[in-house]
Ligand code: NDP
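The chain below stands alone and is given as structure tokens, in the form predicted alone.
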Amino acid sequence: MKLSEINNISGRTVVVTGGSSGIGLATAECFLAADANVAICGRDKNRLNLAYQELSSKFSDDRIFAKLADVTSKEQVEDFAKSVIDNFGGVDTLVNNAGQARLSKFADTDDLAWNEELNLKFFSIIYPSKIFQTCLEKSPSGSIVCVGSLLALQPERHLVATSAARAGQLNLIHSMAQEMAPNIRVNSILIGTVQSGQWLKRFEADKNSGNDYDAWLKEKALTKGIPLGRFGKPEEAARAIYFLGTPLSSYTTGSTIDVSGGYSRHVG
């Protein structure tokens, strides 16, 4: 079979949680560019509307669906899933993308922060995966791709809660891959440092940052010791997600792709 035939995902339906910005939005655009149908959700109404407007300015409206939903709410995810299925009829790929880093050390992470972080990192995968599972099983090539972090294998002291949650999340994903095979493939990407709204906020809060955001990012990358000398771009993570979420990776499950610019210090 030719690569162009394997890579033909026209008519497939892809769900992207946290799809209103950053990696999620870049992923939605990547799949739309390949002629798939894409449904996105997010918690911020204004940001979700802007994302929908951006996507619909480039692609056909009938292939895009957007709905407000918090993936830590089972009821909201169920409502989102019903709307997606009503709109597109089925789902072939689920991208679990929701989640962000929490800056904290063990000494100053209170009980509420631990609960919030663990709840977000686990249930942002559990609820969508369980609720879309039956639908994904009906697909000839059902796939779940989770956006994880290199912190799962390489924790950092100032991100203690997120590091711990990401490690448990990776274990969960591997367990899901074993249980859902052979009907659904489950994989993840492990991102290092990727440009995002969080980094822009840190730049704006840094009184010594100067006026050049790109120069500030480059300095941070060099300070962190990223071998490629820069932060990743959302579209670079999206391309790895695309590979894992399509038949291009048909014999891959329970695996990860490192998208960290060489920052990983572990072997394997």
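Sequential numbering from 1, following the sequence displayed. In this text, all values refer to a predicted model and were calculated from it rather than measured experimentally.
Although not depicted, the form predicted in complex with this ligand is the subject of the following passage.
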Original post:
Do S249 and this ligand come within 4.5 Å of each other in the model of the complex, heavy atoms counted?
Top reply: no
Original post:
Does at least one non-hydrogen atom of S21 fall within 4.5 angstroms of this ligand in the model of the complex?
Top reply: yes
Original post:
Can any non-hydrogen atom of E54 be found within 4.5 angstroms of this ligand in the model of the complex?
Top reply: no
Original post:
Does K58 reach this ligand in the model of the complex if we count a contact as any heavy atom within 4.5 Å?
Top reply: no
**OP:** Determine which one of 98-106, 130-138, 85-93, 175-183 lies within 4.5 Å of this ligand in the model of the complex, judging by heavy atom distances; exactly one does.
**Re:** 98-106
Subject >> Option touching this ligand, based on a heavy atom within 4.5 Å in the model of the complex, out of D44, D62, D35, E204 >> reply: D44
Original post:
Using a 4.5 Å cut on heavy atoms, which of C30, A66, A240, A69 is close to this ligand in the model of the complex?
Top reply: A69
**OP:** Identify whether this ligand in the model of the complex is within 4.5 Å of every residue in the set A221, R230 and S260, based on non-hydrogen atoms.
**Re:** no
Original post:
Can you name the residues of 176-200 that have a non-hydrogen atom within 4.5 angstroms of this ligand in the model of the complex?
Top reply: I191, G192, T193, V194, S196, G197, Q198, W199
